[in-house]
Structures are given as structure tokens and as C-alpha cells.
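This document opens with one chain alone, in C-alpha cells, the form predicted alone.
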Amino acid sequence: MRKLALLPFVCLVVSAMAQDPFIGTQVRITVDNASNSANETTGAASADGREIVAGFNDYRSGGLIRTGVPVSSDGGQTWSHLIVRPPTQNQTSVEGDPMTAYDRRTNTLWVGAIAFGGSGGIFVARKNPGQNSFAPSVMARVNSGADKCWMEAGPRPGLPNTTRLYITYNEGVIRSDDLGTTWTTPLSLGSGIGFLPRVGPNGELYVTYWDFGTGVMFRRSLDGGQTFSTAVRAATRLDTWGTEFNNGRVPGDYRIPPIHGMDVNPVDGSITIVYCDTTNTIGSNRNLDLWMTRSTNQGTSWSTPTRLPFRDLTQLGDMFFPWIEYSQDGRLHLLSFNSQYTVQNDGGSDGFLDQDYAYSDNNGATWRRFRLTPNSFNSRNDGRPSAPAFMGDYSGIAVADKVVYPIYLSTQLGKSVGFTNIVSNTAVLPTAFSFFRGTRASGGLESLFFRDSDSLVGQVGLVLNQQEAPIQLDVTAAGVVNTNPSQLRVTVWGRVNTPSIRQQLLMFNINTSQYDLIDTRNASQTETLSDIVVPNPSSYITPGSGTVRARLAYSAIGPVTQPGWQAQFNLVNLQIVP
């Protein structure tokens, strides 16, 4: 199959925006633990980003499906794997469709799901702050016919210090005022699926859903979910299809229900919906794009849907399963599947897919997009024993104030496995640089700010000591606010132009006034990420000024046999984890 590199790792610069976040390397969040497959991922994070809960359908031997719950207490670096089940009397063989929520007022996290059939229904478990396990689950609703639930926490209208927890699903909306211990009976919202609740900055409750036809529907409650406005059509789809099949609209054989993402900007209160729809056809191939509509008047009226400009209309490709979340600063985050990185026709059993993350600082007017998966993965390798394949019906994003965790699946390991990347807005850029050894061949300070075509290039200078690295770049960063973080990472994208070169990272210790050797590794002739965790980070951050000094040294392994060798620095920054 012919491959086409449509987009680099950092892709689609639509316009100049704020400094890009740091996109960390993939972190696997699911473990084998008898799990054959993972899909329908979701996640939520505490405001400081330290505590994260995720959820997924966990396929077990014997046809069992459980609700797998990865949990991290160190900002997404390591994960433990839990199974959360309903009370014993409500357990069934299929327990899935996970959902998560977080409450800023109490710092509480929840996970929930549906036990399908029998005496099952919707169950919810609470994780109290600082705990690595969940309290015993409770039944929010006993109903064997429950389908696709989502959960949201927020203040009651006019009572900013309160917490009300909502669940919406095919029966309607239920709510809890005691952190999920007891629940009301459902209030119907009409016919539909994918009912998604979001709470506005003043306690407004918004719900969107698909009406099984061409409508993306919207309803609003201003009294905490007790009454709702009449349903409004927020968008009319150009194309639609059934729940179970994609009818050959994408490469591969799996279903794509036209479920959408929706969230509320906490800064200006505007509401954004993103959904997938057919835009055009090339030959016999239909191309799905992401479309967006917005409301600035609490959902009374909606903008004309616009296509997000992530695809050249002359090229094949599909984007689907969009999920969006706003962070507290008003940045809009988007996660979606993407088939554009491999040129392929619709249909067939093999569909090569990727996962993309994008963000916008202006409510979706312009975007920056990033490829998360290292290579395209085959949808056929979902780890399930039967056809067709199943990519699930959605993905999720866990959003903290300064860190974002896309929660997604990939089959790159031969079955569908859950992954995340640490997307950090806490990158500290260099404020100065100098060559302690060696000389500058080209580039300047701004060359270190972005991973792009502009690099700072250092070359071998006068070698005074054969034991000393002939290229040594000193980088200074100032303004680190948190001088006692849980973690300090130094990230470098770079390369050398000759083999057998070693890279070392040294950090200036403020206690000893000397440089400490932190990391040694072989340098690469292709551009490579060095993502280095610095132990005891407070030893390297100057109180008051928040200054950090790093030294990147490059030396030959053995005698220098090739004159003129160079080291190129494409991006250098610091990552501060609270």
C-alpha cells in the first residue's frame, strides 16, 4: 500500500498562535491483565493534573466485557489498572460504555458505566481526593435497557459553591447532590442517543444528542436539570447513516455512529459542537470531515456549520469520533481519528488510522494539529475474535488547568490498547543561550522555540582537552513559577551530522554551584526527541528568579576522525509538572 506523508508531526499551521504545548511521547495506560482489547476511552483529571482517571471497555476471556479504569496519581507518568464493577446483585457479563467526571469544588473524580441486561443498569463509583482506589459503586439507575451514558459535574445555578452531578442517557437525565451516593429518577429528554451533558460557568446545564436522523439536537436547563427548553436543531447533517454500520464511507470495516463532541467555554460561556459529516467524494470514496457549529446565546441560535480545514479537498481522507474539551483558560482541545496519513480506498477489511490532537485559542477559528500515533495502525487488529472490527464509538480527553491527556486507542501492538500523551502548557522556553565549547554556525534563540525547519547549529571549536566535549551549549530559562515541582523535564529535539557521537545533559546545581551530570545517551543522525527527567528538581531552580541552567554537551566516542561535525538543536524547553 502506497504511503503518503501528508502532514509532519506538528501539522497544519493555520495561523500564528500562542506557543505550542509540549506533546510528550506515548504512554500506555492499559495493561494486559487478561484484557484482549480496549476501546471507547474516556478520561477526567484533577485541576492540578496530578490525579487522572480513564475508562475503557475491557474485553476479557470467555466473551466478558468489564469497565477497565486506569488511574494515575503522578500526572500521567505511571498508571495502575483497576476494574470497577456494579454491586454484586447488578453485575452482568457485559459492563461497559464508560464515563468519567471531575468536580473542581471538592476535587472529586468519578467513573461510571452500564451493566447491560438482567438486573443491570447505570453504576457510578467515586474516587476521593488523594485515593488510588474507588469507593464501592452505587446504582444510579437500575434499567436493563439503559444505553450510552455520559456524566458531568458542576455548580447548581446561582450557588457557585455547590456540586451537582448529572448523568444523561437514552432515558433522560438523572442528578445527584451528594457526590453520587443517591440519584433522582430520570426526566425524559426525548428520543435520541449520545446524550451529552455540559455545565456552563453559572450552572447552566446543556445537553446535545443525535436524533437518529440528520439532526444534532440541543436542550437547555437553567434550573439545574429540573426543566428543559424545547429541543433545538443545532446542526443539520449533510449525510447520515445508521448506528451499526458506516456503509463503506471509510477505509476498514467497523461502525461509526455519528456521535459528536460538545463543550462550554468557561471564559465567555459560548457553546461549541464538533461532529463528523461527509463533505465530498473522490471517485467512489466519500470523505468525512469534522464540522463545527457554535452558539453565543446559551443555545438559542447556532452558527452555520463550518468544515474544519484539516484536509485538502483534493485528497482522500476521513476524520471522525471527535471529542472536545475546553480548559479553564479558554483553550479548545480536540481529539479525533484520522485516515489521511495513508492513501487508501473506502471499505475492505484493512483501515489504516491515526489519532490526532488539535487545539484552538480562538473558539475554533484557527487550529494547530499534531499526530499522536507514531505510525498508522490497522483497524482490523482490534484484538477481538470476530468480525467486523470495533473501534468503539468515541474517545476522550482528560483536561487539567495546564496539562491535557488525550485518551485513545491504537492497535499498534497487535490489538487495541489504550494510550495517552502528556500535552503540557507549562513549557518554559529558553531566555538565553551561549556556547561554552564550540561555536555557533547558524540559528538564534528563536530556533529553540519550535520544532520546525529552523535549528540552532553548533560546531566543533578549538579543542583544548581531548577529554572535554568540544560542543557544549548552555541554555538558560527564567521565570519558572513553581520552584518546588514534582517533576522537571528537559526536552530536546536535535540531531548530529556524523555517527559515534554521545550526548550529555548537565544541570547547574544551585546548592553546590556546579554542573551535575544528569543523562548520557548516544546521539542520532536523524532528528530525535530526548525527554529527560531531572531528579530532585528544586536543586536546579533558583528561588525568586526561577532560573534554570542546562548544558548540552556533545563529544565523539573515540578519536574525532571527521572534522566539521555539528550538532543541531531544533527545540529545547523545560517541562514543569506541579
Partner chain sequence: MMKLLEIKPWAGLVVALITTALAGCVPKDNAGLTSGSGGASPVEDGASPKSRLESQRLADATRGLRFTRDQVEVTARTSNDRPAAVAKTASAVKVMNERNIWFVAVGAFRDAVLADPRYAPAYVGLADALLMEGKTDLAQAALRTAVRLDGRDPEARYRLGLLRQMDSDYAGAVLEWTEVVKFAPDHADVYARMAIASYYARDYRSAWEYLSQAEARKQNVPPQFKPMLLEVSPRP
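Numbering follows the first chain given and starts at 1. It should be emphasised that the depicted structure is a prediction, and the values quoted were computed from it without experimental measurement.
The following text describes the form predicted in complex with the partner chain, which does not appear among the structures shown.
Thr240 is the sole member of Thr366, Ser73, Thr184, Thr240 with a non-hydrogen atom lying within 4.5 angstroms of the partner chain in the model of the complex. Among the residues Thr431, Thr227, Thr236, Ser80, the one placing a heavy atom within 4.5 Å of the partner chain in the model of the complex is Thr236. Contact annotation for the candidate site: Val94, Thr304 and Arg384 all lie close to the partner chain in the model of the complex (heavy atom within 4.5 Å).
Annotated contact segment (heavy atom within 4.5 Å of the partner chain in the model of the complex): 269-277, selected among 366-374, 334-342, 269-277, 440-448. Proximity of Asn57 to the partner chain in the model of the complex: non-hydrogen atoms within 4.5 Å are present. The closest non-hydrogen atom of Pro388 lies within 4.5 Å of the partner chain in the model of the complex. At the 4.5 Å threshold, heavy atoms of Phe419 stay clear of the partner chain in the model of the complex, well away from it. At a distance threshold of 4.5 angstroms between non-hydrogen atoms, Ile65 is in contact with the partner chain in the model of the complex. Residues of 180-197 that come within 4.5 Å of the partner chain in the model of the complex, judged by any heavy atom, are Ser188, Gly190, Ser191, Gly192, Phe195 in sequence order.
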